[in-house]
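What follows are structure tokens for two forms of the same protein chain, given separately as structure 1 and structure 2.
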Structure 1
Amino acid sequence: MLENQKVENKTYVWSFLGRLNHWLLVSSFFACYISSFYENLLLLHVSLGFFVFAMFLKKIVWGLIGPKYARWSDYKFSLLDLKLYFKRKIEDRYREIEVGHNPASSWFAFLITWIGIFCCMAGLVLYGIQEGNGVLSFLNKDYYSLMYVYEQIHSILVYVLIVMIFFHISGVLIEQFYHKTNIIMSMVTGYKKAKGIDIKPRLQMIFFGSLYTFFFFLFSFYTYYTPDNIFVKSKFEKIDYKALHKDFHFECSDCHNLFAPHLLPKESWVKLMSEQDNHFEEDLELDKSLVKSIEKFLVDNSAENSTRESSYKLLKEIKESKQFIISKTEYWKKTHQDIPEKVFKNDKVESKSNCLACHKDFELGILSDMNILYLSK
């Protein structure tokens, strides 16, 4: 695995595959982070997340079977060594650097790998619980009320990683420009300005490592471009309200979008149906028996009887207020805060109540992030 005891001031430390995976992990992580701020990019966020997860897992395996300096056995985890490393770093600007991981980078690589894995796992659980999507969508039924908990766990771990990356980059820049170790180029060329023995990765290692990376690269594309696959598919099916209750479908879609019953608590529906003589300043003149029939259907299928994200969050906010104008809720305002006001006034939308303009299949009970159509004008 190693060449014959070649010792010099420039050592081949990081293999091409190791460097490639490093930069793929960095770029995919930040792309994943940026996509998290856009509701309609959830599918991209999840697809990138799968790749990030795979790259973190690869670091674990690579630390067991990879080249010498990438192995966990080569890392320096002694707290005394860590203390001496910083002491020497301060006292000796032009010290001789370690050929492999120094104590600080050893701890950083170890911690960021495991925190990254837990972050991705929390995101996967969140995806199943909150969205009802993916291989863990079965968790939605019994644990949907924990969506806020896992949302916080996932977010906290993401920002812990970002803080760690900030300190890592700061340390690299200090090494590069203050200690003059040319450390940045070592992750480009693979060569480090240190005395040691050049690595020579085995052919099998290169083959299987490359195959692994390429497989999950294709897997991420697959999950993104085939949204009906088991890894991202939603458990919530389209609902044919016309077949379920034709009177509800006809009367409630005649003048506006058909709003799914699960978007409001039962008390809100009862209040709304009790004001048929002044339904948004209009007397609908509906037969009382018809009103009662529609009201019963709405109550039976209200937010209390749904495990969808929108149902749960709207229910928590307006359960006691009997509010029924969704666009006035804090939940609606928060999820639409980045949309310019002009979008709601264009000819395709016209008002904030026209949810169908941006939410495909809205009248079929689907309010998925992946179905959002953003209008620029």
Structure 2
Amino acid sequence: MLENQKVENKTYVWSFLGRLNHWLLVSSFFACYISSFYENLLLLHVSLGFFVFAMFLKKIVWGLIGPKYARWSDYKFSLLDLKLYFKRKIEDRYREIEVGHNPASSWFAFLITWIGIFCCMAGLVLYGIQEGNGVLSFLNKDYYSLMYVYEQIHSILVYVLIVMIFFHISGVLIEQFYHKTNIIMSMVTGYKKAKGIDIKPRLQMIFFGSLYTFFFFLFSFYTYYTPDNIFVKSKFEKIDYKALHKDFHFECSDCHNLFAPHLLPKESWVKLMSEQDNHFEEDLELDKSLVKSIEKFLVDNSAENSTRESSYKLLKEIKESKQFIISKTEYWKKTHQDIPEKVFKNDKVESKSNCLACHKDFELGILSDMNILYLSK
């Protein structure tokens, strides 16, 4: 009976699971953010992203079935209350605080949850459209030209989240040190210095809540450690060029790595083939029919006819397509600008054209982010 319960100046408001989810969300979000700066950590980024997504979604469900103070119905969304909240905050330093969410934290929790969900969804779409990976990889074929748009949406939403987190932390610090409400500890112990009724999470709630978190924890590991699973699998398979076009493979991989046709635009290949008798001072000595056949294969599979991220971006950014040194294209220069010059001159690499030194499976047409080797010396 509610009336019989004691109302004290200390209330148990945040359940263990609620607190655990909060800190798991915080840590997975930041790990996810940091991993986004390294191309070769994309798989880790995505696996963490699944977990972040699940934690945001859980907030929605928890708000429907969770303990009292976590419920959306307990949130305060009135704008008038929001105004009054800030008025009191300014006027009365040692005011009594609300036991559940106050109007400001209600809005904050509501907005960050939904923006977080949209951010993860945009990430998933981007993963499909740009990389041709995951359950949405089928979108790559028709929508690859939207990759910049989704890249923007995804990163703008991330920065909105980061600005919100900044305000959240500032608000918490003001509560802690100015109002002296010891609010930080409430997310550790679950107890808040406020008048109210202690929550008593039901057993089913604890069971299903833990199961959910544990399931997505394992799911995240699963997606990371089995790179061939449908949630992260690439639609771009390895290409056996030897089987596909024997002459191209034979004639073009003798002196250097085999360059996949999707790495250059049509015009570049046509020019390269028309100058085959003076190819970097080498005469390739190809007869007319061979030139024609290889050129057709190159043109048919050129960057224009590929929906890969590298092909699309290369074409978008290219200024001079009548040359065929890949490392001189704007896109190549931009993606490799952070690599020190000396790396390209070391014994393992020797030349910028030696793509295979840093891109595993390069000769099979793969330029996946996961296959990049970072060399620093």
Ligand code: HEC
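In this text, the rigid core denotes the largest set of C-alpha atoms whose superposition between the two forms falls within 1.5 Å. For residue numbers, the reference is structure 1: its sequence is counted from 1. Bear in mind that the values here come from a model prediction, so they are computed numbers and not experimental data.
The second of the two structures is the form predicted together with heme C. Relative to the superposed core, Ser73 undergoes a Cα shift smaller than 2 Å between structures 1 and 2. The Cα position of Leu286 differs by 2 Å or more between structures 1 and 2 after fitting on the rigid core. Comparing the forms between structures 1 and 2 on their rigid core, the Cα displacement of Ser310 stays under 2 Å.
On a core-based overlay, Thr329 has a Cα shift of 2.7 Å between structures 1 and 2. In this core superposition, Lys319 moves its Cα by 6.5 Å between structures 1 and 2.
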